[in-house]
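Given as structure tokens, the chain that follows is alone and in the form predicted on its own.
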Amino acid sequence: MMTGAEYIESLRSLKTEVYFMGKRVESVVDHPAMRPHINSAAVTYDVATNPETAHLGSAVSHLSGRTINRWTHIPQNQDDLVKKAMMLRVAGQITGTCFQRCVGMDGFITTYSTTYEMDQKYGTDYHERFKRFLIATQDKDFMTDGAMTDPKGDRSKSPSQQHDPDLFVRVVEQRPDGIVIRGAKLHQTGAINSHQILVMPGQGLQPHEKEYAVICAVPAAAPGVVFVFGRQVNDSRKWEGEIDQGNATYGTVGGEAMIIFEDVFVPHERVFMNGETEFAAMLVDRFASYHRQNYGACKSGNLDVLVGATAALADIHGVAKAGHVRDKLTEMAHLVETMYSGALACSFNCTHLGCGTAFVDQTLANVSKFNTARYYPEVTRLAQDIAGGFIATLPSEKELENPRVAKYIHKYYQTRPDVPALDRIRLGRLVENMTGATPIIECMHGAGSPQAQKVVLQRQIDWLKRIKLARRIAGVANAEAPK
């Protein structure tokens, strides 16, 4: 396994084609807009190698028997799923933001079970191919971008009905030695600092849409792979200073990018689905469940940091003992623990798939993500309420070096003689960073919007069983509910 420092150094040898602000980026490691996100991803390596957290961040591969990073592991039992959730909360507490490696991890888990079932039905060798690829990934400890979200075009139309067939990644050529893919994936967290990309379909497909049914692995620096790094609110602060960023070490959310596949060749040994349309929906459904498990854990870890920053500011402001402040802080903590309990519950209440992989409880995983999308904004609202309005009007950190006004900033932003004004400013910027638009949007739509969870819950809940329970207890003569 690599350490975080070794991971960062490994990125220097990648010759990826990355663009930002109209220019090609020569080194993602050294670019101020990207380095914080890279530091955050490096935490996934340190959690696995640090003796204090290695029991959560590492695992024993069921394929090789070697100790590996848990972010490349296929969960075999309840303990694996529980430790996955616990690991995510710890990483969230360390970074206070997204650490980017979860989509690739969940892509591994779902591709593993999907290839097994395709082989069972068709006698293909996708599963063996994928196992060889996964072992190599585990041994090299590569970070993998799980690429699932297509541009989609007109949402009312299927991939084959779009005005442009490239709005969903598709196979444009079948060769004796592999395939050629074309299209794009959007909103790709951690893409520019991944070693490789696992391309997956993003929705169910019709039988005639075989060219869109593709799972394959592509090196990040493969010819024809182009990255366009996205902008975030206030991202120019990354190259303007340190304090104003709020979270200068680890950044805001995950540094998302567009990935363009410009007729990229993929050899057969890296192809794990090629036309099996009936398995696309199953893959997406399973992936969504594993990924929604994560949100109750990683976001609770992030919000542990926000609760701490808010409590610290309340103390600095002299209101920590006020009854309404204590009540709001307690409410924040309650909501955070409720989110985390969902991640643990769906992990404990697991089952096993045919390939032996432990599978989270789908209903509880979706409840966990739905609660997270609902409670995260409320926790941020309470943080802003308690922290106060000074966060929205703080002067630039450059004024701290302005000889004309610096002494006044230190003078008038100080609340108590024993607490420097700079402490208050730093904590205020952290709260601003964690409660802004970008984190809330990512929490809302990452792993699917709340409506997606409602759709799954409507399908998963046994409504008839509940009606029968009520009719029996109420003494309704016919306990069988009408259809």
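Just so you know, these numbers come straight off a predicted model, no measurement behind them. In this text, rigid core is short for the largest set of C-alphas that superpose within 1.5 Å between two forms. We number the residues from 1 along the sequence you see.
There is another form of the same protein, the form predicted in complex with another copy of the chain; it is not shown, and what comes next is about it.
> If you check in the model of the complex, do K210, A213 and F265 all have a non-hydrogen atom within 4.5 Å of another copy of the chain?
Per the other structure, none of K210, A213 and F265 touch another copy of the chain.
> Among 267-275, 390-398, 132-140, 194-202, which stretch sits within 4.5 Å of another copy of the chain in the model of the complex, heavy atoms only?
Stretch 390-398 is the one.
> Could you work out which of Q120, N402, Q174, T351 is the residue within 4.5 angstroms of another copy of the chain in the model of the complex, going by heavy atoms?
Contact check passes for N402.
> Here the chain is shown alone; which of M105, V218, I94, M87 has a heavy atom within 4.5 Å of another copy of the chain in the model of the complex?
If I apply the 4.5 Å criterion carefully, the residue I get is I94.
> How about Y413 - does it come within 4.5 Å of another copy of the chain in the model of the complex, if we only consider non-hydrogen atoms?
Judged by the heavy-atom cut-off of 4.5 Å, Y413 is in contact with another copy of the chain in the model of the complex.
> Closest heavy atom of G246 to another copy of the chain in the model of the complex, within 4.5 Å or not?
Yes, G246 is a contact residue.
> Contact between R426 and another copy of the chain in the model of the complex at 4.5 Å, heavy atoms?
Contact check for R426: yes, within 4.5 Å of another copy of the chain in the model of the complex.
> Tell me, yes or no, whether L457 is in contact with another copy of the chain in the model of the complex, where a contact means a heavy atom of each within 4.5 Å.
Contact with another copy of the chain, yes.
> Going by heavy atoms, what in 364-394 lies within 4.5 angstroms of another copy of the chain in the model of the complex?
Sequence-ordered list: L364, N366, V367, K369, F370, N371, T372, A373, R374, Y375, Y376, P377, T380, R381, G389, F390, A392, T393, L394.
> Once the two forms are fit on the core, has L14 moved its CA by at least 2 Å between this form and the one not shown?
No, its C-alpha moves less than 2 Å.
> Taking the rigid core as reference, does the Cα of L457 move 2 Å or more between this form and the one not shown?
Comparing forms between this form and the one not shown, the L457 CA shifts at least 2 Å.
> Does I467 count as moved between this form and the one not shown, where moved means a C-alpha shift of 2 angstroms or more after fitting the rigid core?
After core superposition, the C-alpha of I467 moves 2 Å or more between this form and the one not shown.
> Tell me whether S300 and Q458 end up closer or farther apart in the model of the complex, going by their C-alpha atoms; the shift is 3 Å or more.
Farther is correct, given that in the model of the complex the C-alpha spacing of S300 to Q458 is increased by at least 3 Å.
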